[in-house]
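First comes one chain, alone, set out as structure tokens in the form predicted on its own.
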Amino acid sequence: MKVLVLGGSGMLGSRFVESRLAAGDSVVYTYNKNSIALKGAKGVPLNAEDYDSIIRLVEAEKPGLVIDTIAHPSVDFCDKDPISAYKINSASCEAAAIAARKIGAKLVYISTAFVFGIREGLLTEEDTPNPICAYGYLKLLGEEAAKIAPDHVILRTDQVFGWTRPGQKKTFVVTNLEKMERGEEAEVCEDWFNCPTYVEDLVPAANALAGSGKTGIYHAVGSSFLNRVEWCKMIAREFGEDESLVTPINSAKLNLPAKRSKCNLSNQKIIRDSGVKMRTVGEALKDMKKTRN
């Protein structure tokens, strides 16, 4: 099968490229400024704000599967520049969905836990979204756009982590591990909570759903719900670093424009339908340690 990965030069997108190549697919991926080379796949430059270019690319390549990982990586950027953020995080998916519908392709769209705000209890796919920042609103618009393609899977994920290649945005684990290895303080927000998601679980789960005939929304998150301080201390312990370097701060100190979500998503539906175990932070860190090089 031919697969098109939109945003394929990022950490998540490149994992999709590699996994689909390993499965024997023909893979095309897009990149913006980071023209990372992925052997065996065809790289195509793409401006994610260019709506018509996305439609033309999908129609020209005619993939059986479109995986849309396009997103601006900064939550705060969306509050500061909502027009560009809308083009990148919402309109780009609409363009992909329109083209996927036209050629009969399946669409996998990567969304976010930020479609929920600050909520108590365990949230399922049946709960009503209530975003509290521009990033969440725009990704929710992206979800609605994805539904233009009848054959779609929407994956709400949270703080995807794993090893990164040079040129890719470093994940929370990589950033703070490198700081601690240099003997530097790792300042982390004690009032930010997440369901961190290991990329090596997210990608196979998404691929399983893409090939299963399933459609709809899934909470594609890891099996831990914890704050950033707990998470960072676990990183220190697993990699033998000094836990005292982890310095808790309150996010108010950072004076950031975007409000952060605090929501615990249930991942039972994706585990059941994909057959993939979504590991805890502890389990994932052990795997990262084994696969570091």
Ligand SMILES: NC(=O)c1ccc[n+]([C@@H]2O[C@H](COP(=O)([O-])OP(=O)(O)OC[C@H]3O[C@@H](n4cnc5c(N)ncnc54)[C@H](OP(=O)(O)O)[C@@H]3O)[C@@H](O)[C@H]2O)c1
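Treat the numbers as computed from the prediction; the structure is a model and nothing was measured. Quick note: we count residues from 1 along the sequence shown, nothing fancier.
Not pictured, yet referred to below: the form predicted in complex with this ligand.
- When contacts are defined as a non-hydrogen atom within 4.5 Å, none of Val173, Val246 and Gly282 contacts this ligand in the model of the complex.
- For the residues Val28, Val58, Ile235, Ile70, the 4.5 Å heavy atom test against this ligand in the model of the complex is passed only by Ile70.
- Proximity to this ligand in the model of the complex, taken as a non-hydrogen atom within 4.5 angstroms, holds for one residue of Val108, Ala145, Leu138, Val160, which is Val160.
- Proximity of Asn207 to this ligand in the model of the complex falls outside the 4.5 Å heavy atom cutoff.
- At a distance threshold of 4.5 angstroms between non-hydrogen atoms, Ser274 is out of contact with this ligand in the model of the complex.
- Contact between Leu46 and this ligand in the model of the complex is found at the 4.5 Å heavy atom cutoff.
- Using a 4.5 Å cutoff between non-hydrogen atoms, Asn32 counts as a contact of this ligand in the model of the complex.
- The chain is drawn here without this ligand; in the model of the complex, the stretch among 122-130, 207-215, 150-158, 179-187 whose residues come within 4.5 Å of it by any heavy atom is 150-158.
- Residues from 112-132 that approach this ligand in the model of the complex with a non-hydrogen atom within 4.5 Å are limited to Thr112.
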